[in-house]
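Have a look below at one chain only, the form predicted alone, in structure tokens format.
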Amino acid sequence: MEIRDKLYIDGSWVPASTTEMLDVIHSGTEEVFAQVSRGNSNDADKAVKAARAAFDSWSRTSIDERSKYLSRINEGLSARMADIATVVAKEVGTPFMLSQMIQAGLPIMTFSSMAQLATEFEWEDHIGNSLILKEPVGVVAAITPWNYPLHQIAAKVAPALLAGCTVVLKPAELAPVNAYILADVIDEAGLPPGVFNLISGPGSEIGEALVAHREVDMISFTGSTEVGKRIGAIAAQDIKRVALELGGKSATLILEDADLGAAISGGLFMCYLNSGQTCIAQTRMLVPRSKLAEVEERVAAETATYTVGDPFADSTRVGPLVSAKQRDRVMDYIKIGESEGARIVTGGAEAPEGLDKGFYVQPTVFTGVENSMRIAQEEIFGPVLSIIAYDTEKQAIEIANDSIYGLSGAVWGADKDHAIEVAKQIRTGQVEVNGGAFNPLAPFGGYKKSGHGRELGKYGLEDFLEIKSLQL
């Protein structure tokens, strides 16, 4: 068992204020595979003070030097790619091959791209007699989720460090071990003391302490909309900057002329990715009513190829969910869908056959879904798809937009230009057109209750910068 009985504060591994440890559960076996320190509000205060003390010097460090530190971190993460993929496969349940590509690959890419962006970004501008400067916002509290744990950490820490901010990271309780790997790498890279700090423990205590701390200038949070609302309310007391990446209920909109095979394959992949534990999961599939029966048949057949099982088995396409609580929540939603009158095409609320241990759920497809149903409106965060029939393209766009969320979506159509015109009418932060690939340099974030602010690329960097005008 891996034991991490220290916190990383002010450039050193130090004991937490309590001796209590948090168990980290292997989602595929339900066994404890690691323990980490349980920090508290006292530790949060120490970390913030260390970050504050380090800010003046770090913010004045040259951009070139900050970029070099990011490159060293990128190299350190690259050397530990297999370790990261293994840890996250255990913590979250992501199948190992996907974990290598996504859970380990994306954070490495983020640190690399941020290091490169340093030379491309316009740090100064001139408008008339004014010199416009872009300066670091200050001490950043980064509070991150468990579903793509290191990716979400990197999306906050890398741009914050490049901007000249100092950081206190509070990783998810369910998936903290990957954050310790990053702290090891940062320590080895020689980042100055206090620039990066790691506090593991419950969000209800540490998260609240960080958000309310007078020395914190900005909170960057990814997680549920309810917690995001709470953070916004607390942060408003000190007029802190807040960046929120919250929930989603994205739609795959299949137009009349779309290639059904490609659209269904793309939509299912984006629904079942990471066992549905994805904020941009496309969990509503909007189909022309005339093609509903064919779509149901094809979806059922293709869903059968999504083998559920051990995240380390080569044949697995859908691993376990992160916890017993999350598994039970998803199964409850499946029962809710049945009670609302939707019909199960495949799957159900029973555990997959032969998987008595681990937090497994069958990929489940509902049809006969009305967009007003809870399964079509609420974020389930599991491998559950709702097929919704529409009669006109206008109605399909209205259904896609009929959500409190606005994070992502997809449009499929044979006429690409027309599909783009439809995509422009979808009120979300990003839309895939005919399976366009995820771009880690493009801005990522949402409309409505999916949050505000953007991550990744130059737009993600700008979130950590203040704008100053010098009138000359």
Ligand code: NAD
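Numbering starts at 1 and follows the sequence shown. Source: prediction; values computed, not measured.
Not on display, but discussed next: the form predicted in complex with this ligand.
With the partner left out here, this ligand still marks one of 353 to 361, 144 to 152, 337 to 345, 188 to 196 in the model of the complex; by a 4.5 Å heavy atom cut-off that stretch is 144 to 152. Gly207 is the sole member of Gly76, Gly309, Gly207, Gly138 with a non-hydrogen atom within 4.5 Å of this ligand in the model of the complex. Arg230 is the sole member of Lys291, Arg80, Arg230, Arg317 with a non-hydrogen atom lying within 4.5 angstroms of this ligand in the model of the complex.
Not displayed here, this ligand is approached by Pro171 to within 4.5 Å at the level of heavy atoms in the model of the complex.
The closest non-hydrogen atom of Asp217 lies beyond 4.5 Å of this ligand in the model of the complex. Looking at Phe221, you'd find a heavy atom of it within 4.5 angstroms of this ligand in the model of the complex. Interface residue remark: Gly247 is counted as part of the site for this ligand in the model of the complex, having a heavy atom within 4.5 Å.
For the partner-free chain shown, Glu379, Phe381 of 371 to 391 come within 4.5 angstroms of this ligand in the model of the complex, judged by any non-hydrogen atom.
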